[in-house]
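Have a look below at one chain only, the form predicted on its own, in structure tokens format.
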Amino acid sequence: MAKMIKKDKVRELLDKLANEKFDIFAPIGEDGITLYRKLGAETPLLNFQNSSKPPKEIFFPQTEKMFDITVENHRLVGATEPPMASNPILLFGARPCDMRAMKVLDALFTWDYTDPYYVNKRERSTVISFACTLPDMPRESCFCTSVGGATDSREGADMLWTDIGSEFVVESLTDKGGKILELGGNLFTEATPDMQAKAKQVSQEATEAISRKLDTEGVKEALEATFDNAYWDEFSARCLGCGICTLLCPTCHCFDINDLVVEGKASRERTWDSCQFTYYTIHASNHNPRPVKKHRQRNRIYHKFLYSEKNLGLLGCVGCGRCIYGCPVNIDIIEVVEGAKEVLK
């Protein structure tokens, strides 16, 4: 049975969960953009399109210490991992496209090696997902329905909340979601049939509002056939190599590892990296297998629509549109993929 919670009771719920030692991350308005931040005294946003950055950094931080290094007389004598946190994590207000993206990261970080830093956070997490009611990011960039998603997708979430005005209709999807209902107590009440019908209507209207479409039929075949085609020179010519497309992407997961020494103390950290950066693939021999922008942009497209599905069984693109609206030179991934298909005609 679906539940409901009034919007003016949401903060009370979050305060209850904070008292249960949840570390709560919620969408916060900051300098005109929406970001997921650890909730303090701020008021979380309940009505927004999508965050400017994906919530993946809660589980895969932009910079993360791996361990401290002990050095004596210029020699490594030991390494100590920082203690892993144990508090439960609540991700509040994630959009369905970002939770579908977390499925890609879940598969990647447990693929040939289980990454303890990522997995620890994911295992401690509960996710309350907000169904989309205001799709289409700036510049009409959303296209989740073209890559297997939906404005009310349940994938990767423990609860789905649908905004119907002054209330949310609430669906519990997992035992973790049931625990939130239990802790919320009488803040949740039964959703009436009219409320449930309204939630379905809202989701349908949101789906119809998505204006961008990508026909994925024949994409893999087109990419496999056009690897050496001059087409990749044409579209990548205007790329600046800034990497914003990858840094805003909810499924990109590349990172660099560095040893840092500050005032005699050393540590190893990993930091987000980008396949769009010139030195990303450079070898110790100074050979770079992707020396020009064409190779790097081509790799990004192939990874999303070809390599990820081959390796993980999942598309590497969830149609969030961040790479489209974030690109300073208007490179549009939909147009790029459709253009590759046109080459074969």
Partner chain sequence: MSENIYKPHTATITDIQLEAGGARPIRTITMQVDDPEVRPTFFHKPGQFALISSFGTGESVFAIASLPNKDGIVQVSVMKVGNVTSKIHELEIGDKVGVRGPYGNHFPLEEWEGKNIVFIGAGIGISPVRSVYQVALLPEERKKFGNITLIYGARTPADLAFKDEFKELDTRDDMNLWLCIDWKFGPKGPTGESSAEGWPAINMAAPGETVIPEGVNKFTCFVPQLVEVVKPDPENSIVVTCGPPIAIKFITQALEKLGWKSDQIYTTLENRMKCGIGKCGRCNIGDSYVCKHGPVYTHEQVKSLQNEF
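Just so you know, these numbers come straight off a predicted model, no measurement behind them. Residue numbers count along the first chain shown, from 1.
One more form of this protein exists, namely the form predicted in complex with the partner chain; it is left out here, but the text below deals with it.
S.K.: Does at least one non-hydrogen atom of Pro83 fall within 4.5 angstroms of the partner chain in the model of the complex?
M.R.: Judged by the heavy-atom cut-off of 4.5 Å, Pro83 is well away from the partner chain in the model of the complex.
S.K.: Just to confirm, Arg238 within 4.5 Å of the partner chain in the model of the complex by heavy atoms?
M.R.: It does not: once the partner chain is placed as it appears in the model of the complex, Arg238 has no heavy atom within 4.5 Å of it.
S.K.: Is there a heavy atom of Ala230 lying 4.5 Å or less from a heavy atom of the partner chain in the model of the complex?
M.R.: No, Ala230 is distant from the partner.
S.K.: Would you check, heavy atoms only and a 4.5 Å threshold, whether Gly78 touches the partner chain in the model of the complex?
M.R.: Yes.
S.K.: Of the residues Thr216, Thr110, Asn87, Gln204, which one places a heavy atom within 4.5 Å of the partner chain in the model of the complex?
M.R.: That would be Thr110.
S.K.: Name the single residue among Thr281, Thr43, Thr63, Gln49 that comes within 4.5 Å of the partner chain in the model of the complex, judging by heavy atoms.
M.R.: Contact check passes for Thr281.
S.K.: Tell me the stretch among 148-156, 170-178, 251-259, 93-101 that has any heavy atom within 4.5 angstroms of the partner chain in the model of the complex.
M.R.: That would be stretch 251-259.
S.K.: Using a 4.5 Å cut-off on any heavy atom, which residues of 269-297 would contact the partner chain in the model of the complex?
M.R.: Contacts from 269-297: Arg270, Asp273, Tyr279, Tyr280, Thr281, Ile282, His283, Ala284, Ser285, His287, Pro289, Arg290, His295.
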